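Single chain ahead, by itself, as structure tokens, in the form predicted on its own.
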Amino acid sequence: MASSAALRELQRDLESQANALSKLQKDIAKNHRVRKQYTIQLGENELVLKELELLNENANVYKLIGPVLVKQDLAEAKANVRKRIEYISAELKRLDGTLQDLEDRQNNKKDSIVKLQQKIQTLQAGKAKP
């Protein structure tokens, strides 16, 4: 009877570990989606900066604010784009750190699940013997 209770307890623990692993995998997938968005934005902003670098100092630059195009100073436009690139790069670095942490936690969770499964198999094998 004691081994039966221990087996049920291990199975409950295994189920909770599996649910935690599933949540970690969803968090990793979300991190990948957000990272992909930031990577696209970074590419777009780098392209905009290259285009701005090609312009003459006296060129007209306009910024879309709502439905209106507003004239903007070229130096200010370049500074804004550089600032955006800095921000996006920092966010990508932060997301990389978070992803590494999530993957480490996922690997640890997988290891603990394997150990629990082995314990359950050992208990079941011991129970099967007369």
Partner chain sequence: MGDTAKGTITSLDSLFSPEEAWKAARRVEDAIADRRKELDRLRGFLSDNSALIHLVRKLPDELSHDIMVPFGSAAFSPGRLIHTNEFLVLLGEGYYADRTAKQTIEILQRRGKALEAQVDSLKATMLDLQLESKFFNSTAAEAAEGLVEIREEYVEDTPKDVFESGISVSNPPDASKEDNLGKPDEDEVHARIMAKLDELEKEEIEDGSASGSDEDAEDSFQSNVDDDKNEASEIANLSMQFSGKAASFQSDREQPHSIEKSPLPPEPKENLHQASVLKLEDSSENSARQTFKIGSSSRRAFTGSIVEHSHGLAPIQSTKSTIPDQASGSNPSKPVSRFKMQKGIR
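Residue numbers count along the first chain shown, from 1. Everything numeric here is computed off the predicted structure, so don't read it as measured data.
From this point on, the text means the form predicted together with its partner chain, which you will not see here.
Shown alone here, residue 95 lies farther than 4.5 Å from its partner chain in the model of the complex, counting heavy atoms only. Although the partner is absent here, residue 63 sits close enough that one of its heavy atoms falls within 4.5 Å of its partner chain in the model of the complex. Mapping the unseen interface onto this chain, residue 28 falls outside it, with no heavy atom inside 4.5 Å of its partner chain in the model of the complex. Contact annotation: residue 105 falls outside 4.5 Å of its partner chain in the model of the complex, judged by heavy atom distances. For the stretch 8 to 36, the set of residues having any non-hydrogen atom within 4.5 angstroms of its partner chain in the model of the complex is empty.
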